[in-house]
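Shown below, as structure tokens, is a lone chain in the form predicted on its own; questions about how it binds or moves come after it.
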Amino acid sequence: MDEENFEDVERKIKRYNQGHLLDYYNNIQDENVKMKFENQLENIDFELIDSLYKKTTLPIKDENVDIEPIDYWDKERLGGKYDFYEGIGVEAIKAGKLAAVTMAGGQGTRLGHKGPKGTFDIGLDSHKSLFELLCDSLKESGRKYGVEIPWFIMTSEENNEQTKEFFRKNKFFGYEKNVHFFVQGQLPMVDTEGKILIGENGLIKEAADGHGGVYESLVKSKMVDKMKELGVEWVFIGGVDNCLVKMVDPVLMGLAIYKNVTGAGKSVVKANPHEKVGAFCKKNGRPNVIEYSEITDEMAEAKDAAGELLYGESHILCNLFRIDAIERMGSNPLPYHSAFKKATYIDKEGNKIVPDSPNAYKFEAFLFDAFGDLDDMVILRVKREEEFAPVKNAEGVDSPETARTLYNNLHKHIEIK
């Protein structure tokens, strides 16, 4: 950073009461660390961080939001229309108009796994990782439709190198020409007084900006441009931890194309009215997701004339977007939500502090906050046992054991067919 730029950064640091960062910077002995720290300082939006911290100190306001159920299509009840929508989707897929994005920025810490979550082995006889299971699905679809579907993988600063090394070690599972990596955005973490923290590595402590950052990351990394070069018009976005995720679904794609919408999402019926999942809905007439913490018992239990839950369509992080919608959503930053977390850090005396309770705020955006930018959205209900087997917890619900059972049951059923 040249002297003029550094002086500008220095003024911002002082203006937003982050002077401890300059003190720390001036005492760094390792030139390599100092250069990285300087680069971080140059890229921090101090005004944004200041405003996000101030929001954590304000009482939560009751928003005047009109929430109502959203229409959906049940994949199993499309009848004669199933083949019609599927045909439209197949034609687009064969023409190379689909790309797949996997959000894989997390670590497998909660699973007791050291390394990126996508490298986790859920315990199948094949010992295939989540990454390989997803890749198998893409390759199978490619063979079925006679096309190679480009796969874009969003990593994080924390696991980017490990992820790339894992793919290199496994020879990209035979899919090397079609794999493209890009890195998720990050934001500094702050303490309860709004001071930006220093991490154990001697750099500013940052955390990934949530799955809602995927749009902006796709745009900033030029991956959207890459997709356009490849002739892509539609992009599926899903998480790495769902071993049954169906990234290539001609019915979903055909519905979206025929209904002339720029976004679509998959849902599964809630296991029960109070399952802790977000549910598709409309907020002020626009597609959105209502969090389980936002919904009243009365709304959660409400049913329609057919006995179906009015807010029973769980958002399972399986969404399809037209590429121009991603460009638009990626150009307008989403609102950030704060989460109070435990964060190990280095204090001003240079001591490592390991907290026993939450002590810092991280800021993240949610992917579904962008749904309100869409004019309309197709919601396709699918079967949980066929498309949703997340691996989130070490044991119990949504664990390797439950995912493994669902995976094995589905593939036994397919073999019998």
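Note that residue numbering follows the sequence shown and begins at 1. This one's a predicted model, so the numbers in the text were calculated from it and none came from an experiment.
The next section is about a form of this same protein that is not shown, the form predicted in complex with ligand UTP.
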Practice problem: Indicate whether ligand UTP has at least one heavy atom within 4.5 Å of a heavy atom of residue 105 in the predicted bound form. | Solution: yes
Quiz prompt | residue 86, heavy atom within 4.5 angstroms of ligand UTP in the predicted bound form | solution = no
Quiz item: Can you check whether residue 241 is within 4.5 Å of ligand UTP in the predicted bound form, heavy atom basis?
Solution: yes
Quiz prompt | Residue contact check: residue 109 to ligand UTP in the predicted bound form, 4.5 Å heavy atom | solution = yes
Quiz item: Does every residue of 184, 317 and 392 put a non-hydrogen atom within 4.5 angstroms of ligand UTP in the predicted bound form?
Solution: yes
Quiz item: What is the one choice in 210, 330, 263, 150 with a heavy atom within 4.5 Å of ligand UTP in the predicted bound form?
Solution: 210
Quiz prompt | Of 99, 279, 253, 154, the one that lies within 4.5 Å of ligand UTP in the predicted bound form (heavy atoms) | solution = 154
Quiz item: Counting only non-hydrogen atoms, which stretch in 89-97, 300-308, 201-209, 215-223 is within 4.5 Å of ligand UTP in the predicted bound form?
Solution: 201-209
Quiz prompt | Contact set, 114-129 vs ligand UTP in the predicted bound form - heavy atom within 4.5 angstroms | solution = 117
